[in-house]
Structures are given as C-alpha cells and as structure tokens.
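What follows are structure tokens for two forms of the same protein chain, given separately as structure 1 and structure 2.
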Structure 1
C-alpha cells in the first residue's frame, strides 16, 4: 500500500510502518518515548503494538480513562503531570495509540506541553484511521461544548495498521464506516458502491477504503487547512447529523456519531434532491442501506421540532442562518446552502418513512 504524503508528514500503512517509526526515533534522537492509551487500547492495542518489534523499545505508558467523557482539560492536566513526572523534555515523543478521543487529546496535550513536543498518531478505531488522526485538528471538549479548546497541529507521521480493528466493537466499526460513505458521496462514489455491494467487507476491501478515504481527506485539507471553503465539504451529513447526535445525548438510547451522520446524509441527500436535482434513486438507495445497517430510529413530531431547533447552534451557521453542504450529483458538493424549516422537516420525515 502506497504511503500518502501530507503537508509536513506521511501516512504509512501496514507492518512496514513500524520500521519507519524506529527510523524516526533514531534519526530524531528522541530522548524519551511516551505512549498514550485509554483503558481499552491498553489491553487490546498495546500488545499488538509491542509485538511488532523484535527487540524491545523502551517507553512510558500514560493511561487515561476511555470515552468522550475523558476528552477534557482535567485529563490533559493528568497527561501534562505524567509527562513532567517522567521528565519529558522538548525532544520527547508522544505516540497516541487509540481512537479519535486519544488522537485529539494527545495531539493537543503534546502541542501545548513545553510549547510543543512532537507526536505520532497510531489510530486504532476506523473513525480515527479515516478521519480524526489526519487533518491537523487537535483539542478537547469544554463544558458541554465539543472540541471548543484546541489548535491546528500536525503529527510527525500517522501509522495505519488494520490489525487493531480486530478488537474494535462492531458498533464502533460501523460508526467509522459512515465517514467512509461520506467520502464516497462527496469525492469518489466508488467507495459507496463497494460498501453497498459488499456488506461483509473483507480485509483487503477495508484497507483500500481506508487508503482512499485518507487520500481524499488529505487532498481537501491540504487545499484548505483552516476550513475557509473547500474543507467545509467534509461536513456533508453533519449539519443534521450533529443535531440528532446532540438531541440523543440526553436520551436513554444513545446515538453515536456515525449513526447520527448516517441519518444526516439521508436527510441532506433528500434536501439535495429537492433543491439541486440530486437523483432520488440514489437517495432511496442510501436510505434503505442506512435503515438496515444502522437500524431505523423513531422520533415523533415534538422530537423533530426539538432537533430542528438544535440546528441554530451549528458551527457552520452564518449570520444566524443554518448552512448545509448539499450535492448536485455524486462528487459535486455545494457549500453554504440555505434550507427552509419546512423542507428540513420534510427531509426528516422522508428518513422516517
């Protein structure tokens, strides 16, 4: 599998990538190595990581609690304290071994410790492989606001090894797959067709899907690192998706990010059909898939009103207006589209029926 070159770093694939890591550590005369894990990646992924090296490499493990609930400044304080305690200096290196929570928080903690030490991402969830570990956004949640404290900062390299996915819970895997479907619609419809035709994805297909997804994200991010224009297309499915995700935060049966984005994509493709003649046959195809693969969630009329009112908090809004990324046809996204309340309502009802 070919490497992918980003602005200042490379993404390496498979077992070869560990050789690049060793090479990096030697060449950069890394003084101390730290590995950040959460409870799950400590037991499931750290052994896989260690197995890759014939001779031992020495490192300190920093372990934090798993889950989005830990992605906050208190956990950063814990990481900074442990770096200090173990004597991390400016030449130390932090490896983030985990899902997006670890790569976001670890990237932020490293970039702010002693005005910034280097870090490397080894994503272990599908979502982190195709999305969170590349693109340079790092940060933590603050109060009840997601990703509100953070900075743009690139890793030294990203190592993608699908062996980690063997222990990833199915629900988390499906969550990451929603982002792959998103890349399919906005930039390469072949990805969507592969997923649709082959629901029991084999390892080779998965590796190819991950590679293509990172390639797409990388191209977009390199053109527009600070999200002025083009990068916004990555938010396809996310305007409605975030509103559903936020709404279900307070409910008993939670909805994860990917499940919410899957709903968001169905609704936003329907809006694309109404406003930009996106083919309805493809909207229908996605809807059937999403109902089967992610399960259909039910909300009543009052819920819909509440969900739509949450749209007013969306970060993509301009001058108080809710902005959408819609598609003219596959691979042809349009940013900053305004949609009326009535049509959004119709779109959510389309998903429900």
Structure 2
C-alpha cells in the first residue's frame, strides 16, 4: 500500500510504519515519549502497539476515560497535568493511540501545551483512520456542542494499521463506514456502491476503502486547509448529523458519530433533491440502507424542534443563517446552501417515515 504525502506529514500503512516511527524518534532526539489512550485502547490496542514497537525507547502512558462524554476541557486539564507531572518539555512527543476522540483531544492538548509539542496519530478505529486522524482538525466539545473549541494543527505523521480494527466492536466499525459513504457521495460514488453491494467487506476491500478515503480527504485538505471553500464539502451530512449527535449526548442511549452522520446524509440528500433535483431514487436507496444497517431512531415533535435549534451553533453558519453542503448529483457537492427551517423539518420527517 502506497504511503500518502500531505503538505507537512505522511500517512504510513501497515506494520512497516512502526519503523518510520522509531526512525522519527531517533532523528528528532525526542526527550520524552507519551502515549495517550482511553480505557478501551489501553486494554485492546496498547498491547498490539507494544508488539510492533520493538524498541528500547521508554514511554509514559496517559489514560483518560473513554467515550465522547470525555471529550472536553476537563479531560484536557488532566492530560496537561500529567504532561507537567512527568516533565514534558518542548521536545517531547505525544502519540495518540485511539479513535477520533483520542486523536481530536490529544492533538488539541499537544498543540496547546507549552504553546505546542509534536504529536503523532495512530488511529485504532475505522472512523479515525478515514477521517479524524488526518486533516489537521483538533478540538473538544463544549457543553453539549460538538467540536466547538479547537484549532488546526497537523500531526508529525499518521500510522494506519488495520490490525487495530480487530479490536473494534461491530457498532464502532459501522460508525467508520458512514464517513466512507460520505466520501463516496461527494467524490467517488464507487465507494458507496462497494459498501451497498457487499456489507460483508473482506480485508482487502477494507484496506482499499481506507486508502481511497484518506486520499480523497488529503487532496481536498491540501487545497483548502483552513476550510474557506472546497474543504467545506467534507461536512456533507455533518450539519444535521452534529445536531443529532449533540442532542443525544445528554440522553441515556446516545448516538455515535457515524450513526448521526448517516442520519444527516439521508436528510441532506433529501434537501438536495428538493433544492437541486438530486435523484430521489438515490435518496431512497441510502435511506433504506441506513435504516437497515444502522437502525432507525425514533424522536417526537419536541425532539425535532430541539434538534433544529442546535443548528444555530453550527460552525459553518453565516450571519445567523444555517449553511449546508448539498449535492446536485453524486460527486457534485454545492457548498453554502441556505435551507429554511420548514424544509429541514420536512427532511427529518422524511428520515423518520
């Protein structure tokens, strides 16, 4: 599998990538090495890392609680305190070993500690491999609002090893597929067709889907790192999706990121049909898949009103107006689309019915 070169870092694939990691540590004379994990990756992924990281280099492990509920400033304070406790200086290195929560929070904590120390992402979930670990977005949630505090900061490198996927629960694997589906609709419809036609993906197919997804994101991000124009297309499904995810953060049965984005894509394809004549047959195709593959959530009218109210906090808004990424047809996204609240309500009800 070919490595992928971004502007300032490389994405390495497979077991050979650990040699690149050791080489980096040696060449940069890293003073102290830290590995950030949560409760799940401590148990399931750190042993895999240790088996591959055949080096005499010692490291300190920083453990935080798992789950989106931990993606906040209080957890960052914990990470900063432990870095201080173990004497991390400006030449220290933080390795983020985990899913999207770990890479987002770890990148933010590293980039703000002593005005910035270096970090490397080793994503262990499919979602983190195809999305969260690349692209330079770091940050945390604030209250029940997704990713509202953060900054753009690239890792030194990203190591993608599909061996970690063997540690994933089925629900988390499905979560990552939602982002691959997104890349399919905005850039390469073949990705969506592969998933739709064969839900029992073999290992080679998964590796190819990951590589294709990272390649698509990398090409977009290199063109528009700070999300002024083209990069906005990566938010397809996320305007509605983040509102659902934020709303359910406080509920007993929360949605994971991929489940929320799957809902968001159905709703936003419906809006695309209404406003830009996107083929309704493809909207139906995705809705049926999402209902069957992710399950259908049920919300009442009050829930819908509360979910729509959360859209006012979306980072893409302009002058108080909610902006969407919609599609004219597959692979033809349109950015900065204003949609009425009445039509948004109709779109959510379309998903529900």
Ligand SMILES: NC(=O)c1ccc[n+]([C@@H]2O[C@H](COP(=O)([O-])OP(=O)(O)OC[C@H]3O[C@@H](n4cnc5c(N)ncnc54)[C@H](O)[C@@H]3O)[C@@H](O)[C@H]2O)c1
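Whichever C-alpha set is largest while still superposing within 1.5 Å between the two forms counts as the rigid core. Residue numbers count along the first chain shown, from 1. All values derive from a computational prediction rather than experimental measurement.
Student: Since only one of the two is the form predicted on its own, can you say which one?
Tutor: The chain shown as structure 2 is the form predicted on its own.
Student: Comparing the forms between structures 1 and 2, with one rigid segment turning on another, which of 72, 225, 32, 296 falls at the hinge?
Tutor: Selected hinge residue: 225.
Student: Through what angle, in whole degrees, does the smaller rigid part rotate relative to the larger one between structures 1 and 2?
Tutor: 11 degrees, smaller rigid part against the larger.
Student: Once both forms sit on the same core, give the Cα displacement of residue 341 between structures 1 and 2 in angstrom.
Tutor: That residue's C-alpha is offset by 4.8 Å.
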